[in-house]
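Only one chain is given next, in structure tokens, and it is the form predicted on its own.
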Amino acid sequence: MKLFYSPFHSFVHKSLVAAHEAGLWDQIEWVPTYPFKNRAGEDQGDRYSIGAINPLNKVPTLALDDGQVVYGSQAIIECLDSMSRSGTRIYPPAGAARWDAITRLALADTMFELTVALVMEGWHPPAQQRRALFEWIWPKLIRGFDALEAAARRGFDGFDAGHAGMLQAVSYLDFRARFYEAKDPLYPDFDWTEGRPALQAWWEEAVQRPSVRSHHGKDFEGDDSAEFCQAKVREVLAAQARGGR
């Protein structure tokens, strides 16, 4: 299998967490992909395009050995979970526990996507930023964190797909605050831990899981060139051609 993903390990990737939890870590070839990469002042985004195998040209994208491509992070982690070799499953069976897990996953993934939107808006000069966008997004994020705090206060049983999503959402907001120079016009110093002790306690424990420590805070090691990325795209296309896809 090949996983095309953005190799910034300053935040937790739930696809990588799912791969590790499933015991598939050593079965995956990691393919770094930079949709917005810029080197030496020249936009290199097109050179890292995976549009030939994913029409959205978006990471993460999972390519199975037979050429089948799975995209959308929720679809990817469910696919990996279905192939688990560890005996551990992060998707509970049908019932209340599953609906809770996938609802938290939906909440966390939306919070992540909204934070990405804030980051992209922050790339514009302050005079060109749409304040209305920040005013629309921030109440959703704050309510989302409050909902996760309430869930943490009720307590969790085990580790599931919703937790993997929570790790990504929370860590990306932290990553945004540390990595990007642009200051948010509404909450330039937002601290999600304030008033959320249960969520903070859960976070401090969850980031110690081996599936998180496998990559979080570690630099990517390997070939991250555009040439490597495109070679792997061609391999997926060749597998599809052999399988008549």
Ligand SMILES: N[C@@H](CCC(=O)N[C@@H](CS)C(=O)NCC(=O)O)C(=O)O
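None of the values given here were measured: they were computed from a predicted structure. For every residue, the number given is its place in the sequence shown, counted from 1.
Beyond the structure shown, there is the form predicted together with the named molecule, which is absent from this document and is the topic of what follows.
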Region of this chain that lies against the named molecule in the model of the complex, out of 24-32, 59-67, 187-195, 203-211 [heavy atom, 4.5 Å]
59-67
Proximity to the named molecule in the model of the complex, single hit among Ile142, Val116, Ala97, Leu133 (heavy atom within 4.5 Å)
Val116
Looking at Thr103, Ser82, Thr88, Gln74 here, can you tell me which has any non-hydrogen atom within 4.5 angstroms of the named molecule in the model of the complex?
Gln74
Report yes if any heavy atom of Phe220 sits within 4.5 Å of a heavy atom of the named molecule in the model of the complex; otherwise report no.
no
